[in-house]
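Okay, so here's just one chain, in structure tokens, the form predicted alone.
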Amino acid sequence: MLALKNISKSYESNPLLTDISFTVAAGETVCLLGASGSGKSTLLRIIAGLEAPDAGQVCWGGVDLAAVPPHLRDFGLVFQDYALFPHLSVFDNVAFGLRMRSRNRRSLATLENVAYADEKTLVKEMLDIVNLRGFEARRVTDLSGGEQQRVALARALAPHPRLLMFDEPLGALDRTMKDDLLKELRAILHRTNIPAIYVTHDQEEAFAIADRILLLREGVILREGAPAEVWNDPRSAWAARFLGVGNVVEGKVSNVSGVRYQVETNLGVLKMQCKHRHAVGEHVSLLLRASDTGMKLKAAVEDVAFNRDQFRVTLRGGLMIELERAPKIGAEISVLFAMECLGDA
């Protein structure tokens, strides 16, 4: 399938991507997750053939695609702004990809002997998949944002691409519409078994859609793994903060005894065991997560905010937890935290 090998890209001598390598297997959805400016969209454009890397290869089935133009790579693209044709009907928007495909009979997909039904049947099949049956004659300008994004997805699916790529596809939708479309999109990807690369800055979106997450920071893959693996073991202070997996506390090692350490923090002196090796005076980052077991900390409540089905509580010292019931601001409460060391601060 798709393999990126040591991709690097700079702009005006500033590195945008540095030695990026990963694969996408058959039927797998890989999510590129990172803040704005982390290199996600640039990487997607390189895979699509819209930009060339300074170094490295984009390969499909072991074949380097450097000489293959974008329209012959047989990759589908879905954008945040839908990129639909406002003067065309839903049917004609979905059929557009098929018509372009028929003009490029020498595309890689055609050489693989992919068989197609007639245009009308295929368009209806795609609209069935995205739950837009009966919308063929409507103008896309009369549709809601979620419906327009479904049309864009149907258009990308219609030519049966070898790979689907999504660039912040749900960024313009409200939360309810986004949640609904995420569930449908994941089901569609599993049903069609088309491998996909999904770009987003939204952590909830990434964890809901991905089979595997690549966490990008400043053009480098900082963490890679299944959603549960990345959440349970972020491996760095930056990743833990970005994902919001717990409380990151900075401290300085004040005592060392084998694998046991004492760390001075703004919460007091915390004791821990650590697989890393640290020296007295070294600055470290600790991850504290609310738990049923662990060390007990007492702190006053500074703020309480409702967050869907729980209350997000801010404690003195900057700690944050989620509780089912809202405590009173100013009250002192006891909380159990599991603690782990994330390494050097």
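Quick note: we count residues from 1 along the sequence shown, nothing fancier. The shown structure was predicted, so the numbers you read here are calculated from the model rather than taken from an experiment.
Omitted here: the form predicted in complex with ligand ADP. The next part is about that form.
Enquirer: By the heavy atom within 4.5 Å rule, which residue out of Val24, Ile321, Ile20, Leu16 makes contact with ligand ADP in the predicted bound form?
Expert: Here the answer is residue option Leu16.
Enquirer: So which of Arg312, Arg45, Arg316, Arg289 gets a non-hydrogen atom within 4.5 Å of ligand ADP in the predicted bound form?
Expert: It is Arg45 that has a heavy atom within 4.5 Å of the partner.
Enquirer: Does Thr293 reach ligand ADP in the predicted bound form, with heavy atoms at most 4.5 Å apart?
Expert: Outside the cut-off, so no.
Enquirer: Would Ser285 show up as a contact with ligand ADP in the predicted bound form if we use heavy atoms at 4.5 Å?
Expert: The answer is no: Ser285 has no heavy atom within 4.5 Å of ligand ADP.
Enquirer: In the predicted bound form, does Pro53 come within 4.5 Å of ligand ADP, counting heavy atoms only?
Expert: Pro53: no contact with ligand ADP in the predicted bound form.
Enquirer: Taking the shortest heavy atom distance, is Gly37 within 4.5 Å of ligand ADP in the predicted bound form?
Expert: Yes, Gly37 sits close enough to ligand ADP in the predicted bound form that at least one of its heavy atoms falls within 4.5 Å.
Enquirer: For the chain seen here without its partner, which of 293 to 301, 37 to 45, 277 to 285, 60 to 68 has a heavy atom within 4.5 Å of ligand ADP in the predicted bound form?
Expert: Flagged stretch: 37 to 45.
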